[in-house]
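First comes one chain, alone, set out as structure tokens in the form predicted alone.
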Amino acid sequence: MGQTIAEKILSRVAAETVRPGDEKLFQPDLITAYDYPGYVDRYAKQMSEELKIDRVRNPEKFVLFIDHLYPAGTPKAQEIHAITREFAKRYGFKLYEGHGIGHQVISEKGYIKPGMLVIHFDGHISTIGALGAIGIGIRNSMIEAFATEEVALVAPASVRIELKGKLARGVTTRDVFHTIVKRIGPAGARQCVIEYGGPGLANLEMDERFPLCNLAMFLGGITAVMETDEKTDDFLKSVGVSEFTEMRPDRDAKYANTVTIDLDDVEPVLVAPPSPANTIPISEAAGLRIDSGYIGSCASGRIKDFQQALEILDGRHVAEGFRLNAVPTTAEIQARMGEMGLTSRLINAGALVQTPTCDFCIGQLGALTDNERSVSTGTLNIPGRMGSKIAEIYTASPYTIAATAVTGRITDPRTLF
């Protein structure tokens, strides 16, 4: 019987054939984490004080990032960063500080190749699936991965998302993902790997593919992975990865479910508070007053996102009293934006262009106060995510956020072209 992409990857790192439901011990290609209270600081203490581990066998398999609470705004935040730096130094782990959000930086730095298994405590490591790799969040057993360089997993089944057609202007893969949520429900890929493929994938740029994989958890998925193609190859070669294996499923691979999405039919949608399962047509909220907007996060702070926003913002200005934060996902993206003239165009339109950080997504910066509303490309819209628990967060595409920023109210971006 043929294998899905996930089954092929897991079979390689288990050194034996793996089928859904098999519980095996896997050896990940990379183990990665970021600074955050209660995580890396706890792992550092457990490794040295509880487990008495002085060194690891393969330090080159570990990559750490400082991307939260950054730049540090309090002594406590700086203390977390100091612990992270010391942890990396003690065990010989590679550390990236100030490069931006690790879920994207890890791909930019050439660590990711198709067919790899990467472990993190944060489920948004699924972002790397756009490169034909698998990233899995294992929050409860991360210390075992640090200590042993192995992880026990039950091999998941896969849900196939077959894409066809091409997106219309004003529509993005954020709209595609939440259209899938609306179609099969927020548990439609529960405990499965979401596998994307089909002829429509070729019509999506790499910047458009990362969000589809990043958001896997909001379909109940363990992670997501995509077939590789020429665009994958071009991206990998641009970051210095020259040797890799193409990843595609076998023709007779078996899936828990197969869903076909016609990109031609997708329209702008919103995810309304209080949960990421609450997808609604944009028409249901059109005209609702909004106080702020945020374009950024590990899901949507790439070049394509800001180009889409500028299709609306060029020649216009953010509405009086509206706060629009534009936060590139990484420092490399920020530099490219400057070279391409995107930064100055955003500033001229009234946007506040910020340093790459996770902090706008989690309410550490640009926080909302009571009864405010925001439209965001952040990953989550639950109460309190961006500040006050009685503020409201709508997640949407860069097009929709830009259109809303111009009018001060929820606006279908297609009305402003």
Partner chain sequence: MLPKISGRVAWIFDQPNFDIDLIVGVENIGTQDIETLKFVCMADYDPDFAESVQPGDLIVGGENFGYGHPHFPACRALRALGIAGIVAESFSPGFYRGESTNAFPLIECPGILDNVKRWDHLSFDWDSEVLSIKGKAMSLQCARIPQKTKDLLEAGDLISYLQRSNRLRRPDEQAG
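Treat the numbers as computed from the prediction; the structure is a model and nothing was measured. Residue numbers count along the first chain shown, from 1.
Omitted from view is the form predicted in complex with the partner chain, to which the following refers.
None of 333 to 341, 150 to 158, 316 to 324, 283 to 291 except one has non-hydrogen atoms within 4.5 angstroms of the partner chain in the model of the complex; the exception is 150 to 158. Contact here is defined as any heavy atom lying within 4.5 Å of the partner chain in the model of the complex, and by that definition not a single one of 30, 367 and 406 is a contact residue.
Put simply, residue 139 is close to the partner chain in the model of the complex: some heavy atom of it is within 4.5 Å. The partner chain is not shown here, and in the model of the complex it never comes within 4.5 Å of any heavy atom of residue 349. Although the partner is absent here, residue 60 is not a contact residue: none of its heavy atoms lies within 4.5 angstroms of the partner chain in the model of the complex.
In the model of the complex, the partner chain sits within 4.5 Å of a heavy atom of residue 56. Of the residues given (44, 64, 380, 391), 380 alone sits with a heavy atom within 4.5 Å of the partner chain in the model of the complex.
Of the listed positions (79, 144, 97, 233), a single one reaches within 4.5 angstroms of the partner chain by any non-hydrogen atom in the model of the complex, namely 144. The partner is not shown here, but in the model of the complex the stretch 262 to 280 reaches within 4.5 angstroms of the partner chain through a heavy atom at 275, 276, 277.
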